[in-house]
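Below you'll find only one chain, the form predicted on its own, shown as structure tokens.
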């Protein structure tokens, strides 16, 4: 059963000297949602997760998780790591190599009645898509499979908070997308808040409902990911946030072929059909399709006489300006697209939220990926 956001669950107010050149001074609140900690390397993102988890002790401040105080320097409260009920997944999966997948998942269930441990292990294995791997050794798994086993292990003891430290940064594109999809499922099914560290714009937009922009140990921006990233400008502007190459990545299946036209039609999951270049794969094959945000054109209606094979109707949800450039968020059926435009085009077409548009996409702009293992 899904659990909707019903107000702040995690409340953090911390000060901590990381090293002589960096001190954390952070205040953030998070509901039953996915919050993204975003920033360049060395801004204190991982340290903040460690402080919340109990892997390190803050110098001062308070950490509140629901009704329980995990840390309060003024009241001398510091809950032990094992008592905090905080799950954590990392860039490396940290599985026990000498244990089976099933034994790794059950590791945090010591002391549970056997029937309850069996039921919970089966439940999280299904949520994370690893139920067919339970007898396997970690050494025989792909990178994506290992990360999903690590996620199942973190979820097994029913944590009240999940902390994610760049969990997909070492994976290929197909595995990254599969893992992000699993994490969204976890948020919906388990109903727990998640705090997710990344410095990738695509990840932040794909996974987060709220973004905390961390710079110099402080949160300097907070809000929806696209809005915060587009609006952010560091005072010295020496490390601009790179929106170039922002991608739309969608799962789908091969629906049909038209060899005489050198074309294949894909059916995007919960979305429209998309014509791409001929793909030598059987109908029903699972794929990912990747389209750069700046490879999509917008028109205010269908256009005749174009070589582009895709004209997909949609509605503008919002428009986010960032200087001379603009990101438009477009809803088409069940999926959301991000389209990069220049500001004069937005003004010329009088684009605004609620306006009906057509996405114009060339077949050759669609990069199709066929995962070796679609579930990994």
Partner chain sequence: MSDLAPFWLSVQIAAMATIVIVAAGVPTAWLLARREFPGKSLVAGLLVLPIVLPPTVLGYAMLQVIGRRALVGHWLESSTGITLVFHWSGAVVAAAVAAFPLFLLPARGAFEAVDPALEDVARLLGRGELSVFLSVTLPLAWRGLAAGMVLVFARSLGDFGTTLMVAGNIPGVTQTASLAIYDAIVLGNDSARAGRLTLMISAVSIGALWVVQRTLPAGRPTR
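This one's a predicted model, so the numbers in the text were calculated from it and none came from an experiment. Residue numbers count along the first chain shown, from 1.
Below, we turn to the form predicted together with its partner chain, even though it does not appear here.
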item	value
Its partner chain contact at residue 287 in the predicted bound form, heavy atom, 4.5 Å	no
Distance check, residue 153 to its partner chain in the predicted bound form, heavy atom within 4.5 Å	yes
Touches its partner chain in the predicted bound form: residue 53 (any heavy atom, 4.5 Å)	yes
4.5 Å heavy atom contact, residue 258 to its partner chain in the predicted bound form	no
Residue (of 218, 281, 181, 99) lying close to its partner chain in the predicted bound form, criterion heavy atoms within 4.5 Å	99
Selected contact from 252, 193, 108, 225, since only one has a non-hydrogen atom within 4.5 angstroms of its partner chain in the predicted bound form	108
Interface segment, criterion being heavy atoms within 4.5 Å of its partner chain in the predicted bound form, picked from 206-214, 77-85, 266-274, 118-126	77-85
